[in-house]
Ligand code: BGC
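Here you get one chain, nothing else, as structure tokens; it is the form predicted on its own.
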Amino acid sequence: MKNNYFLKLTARLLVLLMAVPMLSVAQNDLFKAETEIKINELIRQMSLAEKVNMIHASSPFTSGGVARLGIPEFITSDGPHGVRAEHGRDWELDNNIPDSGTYLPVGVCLAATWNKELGYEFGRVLGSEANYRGKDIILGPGINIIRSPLNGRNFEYLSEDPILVSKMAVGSIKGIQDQGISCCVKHFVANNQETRRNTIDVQMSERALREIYLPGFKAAVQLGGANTVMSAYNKFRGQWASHSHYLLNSILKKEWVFKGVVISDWNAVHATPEPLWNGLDLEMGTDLSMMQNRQYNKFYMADPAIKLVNEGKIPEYLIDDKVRRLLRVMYKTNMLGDLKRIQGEYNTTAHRQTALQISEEGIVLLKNENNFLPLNKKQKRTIAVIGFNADRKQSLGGGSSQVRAFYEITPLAGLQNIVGKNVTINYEPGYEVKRNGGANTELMNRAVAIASKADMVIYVGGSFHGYTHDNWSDNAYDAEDTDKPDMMLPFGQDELIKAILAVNPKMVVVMVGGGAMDMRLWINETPAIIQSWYAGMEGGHALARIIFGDVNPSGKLPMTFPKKLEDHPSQAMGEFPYDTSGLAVHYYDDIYVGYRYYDTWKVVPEFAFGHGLSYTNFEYSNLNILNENAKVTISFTIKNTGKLAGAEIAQVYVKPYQSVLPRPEKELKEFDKVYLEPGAFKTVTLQLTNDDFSYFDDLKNTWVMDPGKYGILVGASSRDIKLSGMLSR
């Protein structure tokens, strides 16, 4: 029997190989062919019940395996910024564990580095720590477009721009998967708000879908090689995203040739036949009561699926395809087969150093009037540090992204650690975080008192990273399952900042949070403003090093900061959060998301897309454009003309001068982060292809490049263009 089995195996392999010229079969192709044969043999040995057991959850964070065939469960881990501490079978964070992990800066902080290599290092830390803890799939990165400043989950995401999303996501995906762990890119697609995310129906044009909302996912699959993709909660054009034939089968699996696994978001499946037919491969977390009672056989893609197959209403080959995809990922990550998994490391010095570097490069200096920063730590002075966020640990906030950090350096701790004997720091929170809380007169008075006696003030406030385990999520400003009510600072902070400025105008304002807040009431009186995001376990050290000049800031905004909410395209042109007459959300802003709107309609933002200051100066020169048939090569020189080493992020935009269909004023197509010593210069060379000059013609249902003139704009932000040229394509 054993000899017959190997004869059949060899024969099947030969049939596969004969279909391809022998000289073109690479070793990797041979491995894949052998793997597919092994997968088919495993499927042949499974009963229908065993197959179906693999395509739904077996606990809150695992899916079923087949023990008698040596097929393990998949163990997933929530938390795109650190490996969650749950052991896979419960929702609760484990207490008193000795191996709490690395808390990385959040996704938007990573994007603000504009550093593709750091994207890889970010993923490598996640993959290594997931391996150490025995995880198989990291539920991240989150790459949904930041469409509105009110979305409570913006802090997890990357950018308003699909090019920046794509290039940063690919790096982190490769970093994760090179460690033998699968990433799960989420949420596919149009999960751009948290308000009624389980019921809304997103209506957008095909052009907006193709130009804005799909490119990051396409890059994740085709360039990043993502093993798994998570479907979204919302409906898309009338059909649940987890049930969408157009999204899952037509685009993801057929058009993009995705060979991996589509996993539902938790509680995102609503029926049995549709997801089975339309491309969903694994149903997770569908019903809380069923999970609490361990009734996983009652999930939609469990016993109901077996019933439909037995009744002849669902063909078994649909189940086989889903199992095949699951097994394919298992072989790819050495869960099956003879190769061993990478052991992984947990909370190492190197991992913590990566967290520090990302936060240092991601924190953005928004304003620095008259070179107010950096401060001199050797100068004798008293500093008043004010703001609840100065002494607040953020790692356990935000919902499913929460992480139990090994430690977390708050801004206050970072400042205290960096200053010497010459600097005295006095701290007051100034406000309190509580449901529907306004200004607290007593706290404000104490803060104003220390500010009046100080040489200067460092204010650390901004948004609120909700603690879901404290049941504060309904009042949170950056958390899953909730959106911000507006862009105003919560808890009476505007009043507090104005009161401090009245007694001491020498103040640095540090904004913690996932994005833009309304600063109009005090921005003109404040000499320096920093956007620090949620900067991870080393964020306090990074912030202090920037404020005192040990690090030259180099982060730039991955989204536009409007002056006020009404200026934002999701409000001015579109709908957010949804149509009050129903549950449809109409993306009337269409392709004019973020800076595409501000630049085209000449709306002045508070801070432009790509904006970020440095303690040194950079000079751009010598633009050269080589226009060839297949590609355009752009080169230019950047020189550090200041006295400090620093990094500049040069951004290349394409401006169409004529087009059959309307197009934005300009669009980002490439960028590079350049590190230069004082007086040093570097020639930057970047390449564009025809794709970078094309748009999606939804009348023809294809990508087109209109012949004509195009501008090549090189700048420090979308509003700070340093060099420009022109070409014809």
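Just count from 1 along the sequence shown to find any residue number. Predicted model, so just to flag it, every value in this text is computed and none were measured.
Another form exists, predicted in complex with the named molecule; not displayed. Remarks below refer to it.
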property	result
Residue contact check: L139 to the named molecule in the predicted complex, 4.5 Å heavy atom	yes
Partner proximity in the predicted complex: M230 to the named molecule, non-hydrogen atom cutoff 4.5 Å	yes
Contact flag, S400 vs the named molecule in the predicted complex, heavy atom cut 4.5 Å	yes
Touches the named molecule in the predicted complex: W522 (any heavy atom, 4.5 Å)	no
Which of 633-641, 182-190, 248-256, 159-167 lines the interface with the named molecule in the predicted complex (heavy atom within 4.5 Å)	182-190
Contact residue in the predicted complex, from R147, H465, R153, K484 (heavy atom within 4.5 Å of the named molecule)	R153
In the predicted complex, the residue from K135, R84, H541, H243 that sits within 4.5 Å of the named molecule by heavy atoms	R84
Neighbours of the named molecule in the predicted complex among 256-273 [non-hydrogen atom within 4.5 angstroms]	D265, W266
